[in-house]
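Just the one chain here, laid out as structure tokens, in the form predicted on its own.
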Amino acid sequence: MNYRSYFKAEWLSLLRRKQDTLNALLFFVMVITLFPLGVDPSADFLAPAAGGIIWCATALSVLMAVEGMYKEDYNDGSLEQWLVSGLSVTLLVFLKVLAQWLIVVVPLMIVLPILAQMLFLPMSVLGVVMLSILLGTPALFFIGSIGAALTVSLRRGAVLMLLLILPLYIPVIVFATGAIRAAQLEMAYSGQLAILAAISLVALALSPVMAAISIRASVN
């Protein structure tokens, strides 16, 4: 096994397990669809709150996607194979998270323009929303991978994982919604987007290493 064949196998495995991706996407659509019905369907309320609604739905969808990221690999012994394969576990974690990010975020970005219209989000701001998701969601996935690795050997680790990683999601959501709100007010938003990119880069640098350490501890 090499890195290229592993990524291809992981990608095909995710395509076969479409239910996980569909669940995350369906949850994203349901939150955005039901929010106006349950709170206030007026444009005066939804337009300013659209960024927060979209990002809360995104964060919850990512949580659904990453919660069982390593469970199947742990149950079928694939994680043990990682440790004896001679390949870098850190790089394998990175490739797995990359595949998960692509399989979840690409469909989400496709449906987002339609859902944004339901929230009366101006088309001039939609580009900022999509850019914030592209810059911010890698951080959510990499942070989530740490929680998933820490709780992979626990039978009921979902609640513990939520308690561990949800506080770390808050800065991403704050800066992402801040950039969207600034764009709505026709103010500068490049600073918030730069911070989002910086958070994702830090998560990219640290989380594969931390997740690899957690996987070794869980398997051993």
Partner chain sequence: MNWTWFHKLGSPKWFYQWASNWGGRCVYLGLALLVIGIIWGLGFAPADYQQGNSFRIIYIHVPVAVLAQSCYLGMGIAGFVALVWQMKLAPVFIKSVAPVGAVMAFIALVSGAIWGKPTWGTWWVWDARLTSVLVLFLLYMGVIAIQNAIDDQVFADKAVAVVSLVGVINLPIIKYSVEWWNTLHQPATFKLTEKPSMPMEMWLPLLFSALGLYLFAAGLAMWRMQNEVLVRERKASWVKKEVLEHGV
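If you're wondering where the values come from, they're calculated on a predicted model, not measured in any experiment. Residue numbers count along the first chain shown, from 1.
Same protein, other form: the form predicted in complex with its partner chain, not shown, and the subject of what follows.
Looking at Gly52, you'd find every heavy atom of it more than 4.5 angstroms from its partner chain in the predicted bound form. Not displayed here, its partner chain is approached by Gln192 to within 4.5 Å at the level of heavy atoms in the predicted bound form. In the predicted bound form, its partner chain sits beyond 4.5 Å of every heavy atom of Gly68. Interface residue remark: Leu163 is counted as part of the site for its partner chain in the predicted bound form, having a heavy atom within 4.5 Å. Only one of the listed residues (Leu204, Leu25, Met210, Ala197) places a non-hydrogen atom within 4.5 angstroms of its partner chain in the predicted bound form, and that residue is Met210. Only one of Met64, Val29, Leu168, Ala158 comes within 4.5 Å of its partner chain in the predicted bound form through a heavy atom, and that residue is Leu168. The three marked residues, Phe175, Gly178 and Ser214, each reach its partner chain in the predicted bound form, with a heavy atom inside 4.5 Å.
Heavy atoms within 4.5 Å of its partner chain in the predicted bound form are found in one stretch of 102-110, 115-123, 129-137, 145-153, which is 145-153.
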